[in-house]
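First comes one chain, alone, set out as structure tokens in the form predicted alone.
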């Protein structure tokens, strides 16, 4: 059986992760290459130094290629940053044919109407996701093709992104010899990796706590209904530790990763009073945990404010799922439960076949999810880098005339 190759690159504020995989006819994914490199040149999910970002991506891609044993040609890329905006939009059309049967071209036409939303010139559509259809007022239709009706409505979730930010990111990707197959908003990808169908159906909120941003997605009735990006994440926690304990940022990050905990009271009293030593510096475990706990509690409250409905228990009865590298802090789920009064769990990406042992960590939820999103949403409208195809077409024409 022939297997198709697929790849994803998650360009984060603290790390770049490249995954190379192949799939069979049943869309089963096998991981055959993984490359992780420290990230430089990015801030809050956006490129601020092209050369440094390019070098980080290069090292991640080459590490994955060495494991897989072949050259990476194209990949799906995750996008995040405060420049991303979303809105829910409705569209409606009349079915004027004599048979009054909804056809695929009608679905395309109603989506065209729904996407005619006014947004700033510097923004470009990243995703147009159909949430639900209605035929002659009958709501909750997932696939109206073949149904009879005079009117077809659609409700969509539209995500836009800053053109210049995406251009900087794609420039870095292409400069290392990799074409951009498509761009995907990161919390959509993370949701594919860590959420169950039951959670998406009942109502759940996902918060992917990365190094520079916290990506948020709310699912209800098995579809996306809200997305947003908070410019607060692991960086602010480390910075508070650095200032509060008088440590360099690098040392504060090491202390957080090695000893950090959200709720010191969960430990034994004698344990919480111990002194931590690292690289000639000594800090109080209780003080370290208190600084982390205060910042994380503030972040959880900011996450709740992103909910489009203040009635949490009805909007997201399945609760809150925390993922991303920041979700690895011990005690974070318990603290979040105290703050939100909702069920809270830490989301681990689904385990895939192949060399994927290192990926079973919340920090790699987006990386794994980028592959799963494209496998499960083949018909969804994304960025679709059309200029790539045009450039290749013109290049082929020039070569033909040269001959």
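This structure is a prediction, so every number in the text was calculated from the model and none was measured. Positions refer to the first chain, counted from 1.
Keep in mind that the form predicted in complex with a small molecule is missing from the display, and what follows is about it.
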Open item on the list: Quick check for you: of 232 to 240, 197 to 205, 139 to 147, 111 to 119, which stretch puts a non-hydrogen atom within 4.5 Å of the small molecule in the predicted bound form?
Closed with: 232 to 240
- [ ] Give a yes/no on whether residue 257 approaches the small molecule to within 4.5 Å in the predicted bound form, heavy atoms considered.
- [x] yes
Open item on the list: When the contact criterion is heavy atoms within 4.5 Å, does residue 191 count as touching the small molecule in the predicted bound form?
Closed with: no
TODO: Verify the contact flag for residue 363: yes if a non-hydrogen atom of it lies within 4.5 Å of a non-hydrogen atom of the small molecule in the predicted bound form, no if not.
DONE: yes
Task: Exercise: residue 329 in contact with the small molecule in the predicted bound form, heavy atom 4.5 Å - done: yes
Task: One residue of 293, 211, 319, 130 in contact with the small molecule, assessed in the predicted bound form (non-hydrogen atom, 4.5 angstroms) - done: 211
